[in-house]
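Next up: just one chain, as C-alpha cells, the form predicted alone.
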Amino acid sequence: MSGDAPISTPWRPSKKDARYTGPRACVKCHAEESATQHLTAMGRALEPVATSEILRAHPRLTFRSGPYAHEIVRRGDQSLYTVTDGVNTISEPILYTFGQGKAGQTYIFRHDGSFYESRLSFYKDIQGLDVTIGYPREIPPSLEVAAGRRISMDEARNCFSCHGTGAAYGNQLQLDRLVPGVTCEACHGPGAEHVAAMEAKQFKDKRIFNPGKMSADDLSQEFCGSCHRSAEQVISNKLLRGLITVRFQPYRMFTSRAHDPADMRLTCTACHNPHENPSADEAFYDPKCFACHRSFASLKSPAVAKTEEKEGRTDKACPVAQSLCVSCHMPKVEFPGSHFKFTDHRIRIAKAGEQFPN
C-alpha cells in the first residue's frame, strides 16, 4: 500500500461537499472507456469481501508460522481471518480486499477499534497464503504481530484513496461514501459539476480534471506517482532501497538513463491506456520504442535517417533486434517473496547476472 499519496490534489477533493456521481453516469458519453475500465486491475483494486472472487473460490486458506496457525474461512458472504497460538486467538471478519489477484491480494480488518493490514496475503502463483510483501519472514514475536500491522488513519486514508474512489475528503476518511476500485472519478475528480455543465451544454468549461493536459513530468511523477510511487517519494524514504523498488514504476522510469521529464513519449500513458489493462504481448510495445529510436535501415540509408529525424526519432537504433524491445531493455524481476515477476521500468541494456540497479 502507498502511505505517501498527497491529500490536496485536483483529483482528490479537500471539501466534504464534493459530489461524486458514480461510474454509471460516465457511461452515457464515455461508453468506450467505461466498457473496459471497470474490468481492469485498477478498476478492481479494492473489493468488498462479499464480492471477492478469490475468497469465494478459496473457502478455506491456511498457513503456519512457528506456533501461529492462520486461517481464512468463508461463511456466507463473509470471510473470517483467524490467528491462534493454541492458547489465545484473534479472529476478525475481513472488511476489504486490496488487489484483484494478478499477483496477490491483501486484506484489511478491524481489531480493537483500529484498521489492520493482514500479515498474510493470497498469491496467485501458489494459490495460497504467504507473508505480505514488505513484512519480515521471521517468526512474529507476538500474536498481534502475527495477525498484521495496525495502520494509522492517515495511512488508511491514503490506502483507500489509491485503491478506491470517493472516500477521502482532505484529512477525512468516510467509508460510507466509498466506491470500490479506481473508477473514473478517482482520476478525474468528482463528476457532478461536470455532468451538470455537459447537460447545460457548457462545453467551454467542462468542470472536470483532465490528467492528459498535465506536463510530462507532472503526469508520471505527481499524478501516477501519487499511488505508484514517484521518484521523490522513493528517494525521500530510506527504507525503499534495492529490489523492492522494482514495484514503483514512476521511480524506475525516472532513473532511466534516457529519461527526459519534458518528453511526453516517456510518460506512463505513452505506453499504457489507463482505461485498459496493460498488454501482455511484448510486441505491442515495439511501436512505443520506435517513437524515439531509429530503425536498422537508418544505419545504412541517409534518406531513411533523415526521414526518421523529421519524425523525432533521433535516439540510436538497436544493433541487436527490431522487435520485442522490452524483453531486453525492461526485464522482468522477481522481488523475493512476491511470487511474481514485475516489469522493471528502468530502461537500460540489461545483462544477465548484473546487479540490480537502484
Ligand code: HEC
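A residue's number is simply how far along the shown sequence it sits, counting from 1. What you see is a predicted model, and the numbers here were worked out from it, not measured in a lab.
Missing here is the form predicted together with the named molecule; even so, the following discussion is about that form.
- Though the partner is left out of this view, residue 322 does reach within 4.5 Å of the named molecule in the predicted bound form, counting heavy atoms only.
- Residue contact with the named molecule in the predicted bound form: residue 199 places a heavy atom within 4.5 Å of it.
- Heavy atoms of residue 258 reach within 4.5 Å of the named molecule in the predicted bound form, making it an interface residue.
- Residue contact with the named molecule in the predicted bound form: residue 145 places no heavy atom within 4.5 Å of it.
- Remark: none of the three candidate residues (16, 52 and 95) comes within 4.5 Å of the named molecule in the predicted bound form, counting heavy atoms only.
- Picking from 258 to 266, 137 to 145, 71 to 79, 169 to 177 the stretch near the named molecule in the predicted bound form, with a 4.5 Å limit on heavy atoms, gives 258 to 266.
- Residue in contact with the named molecule in the predicted bound form (any heavy atom within 4.5 Å), chosen from 306, 316, 64, 56: 316.
- Annotation for 136 to 174: interface residues with the named molecule in the predicted bound form are 149, 151, 155, 158, 159, 161, 162, 163 [heavy atom within 4.5 Å].
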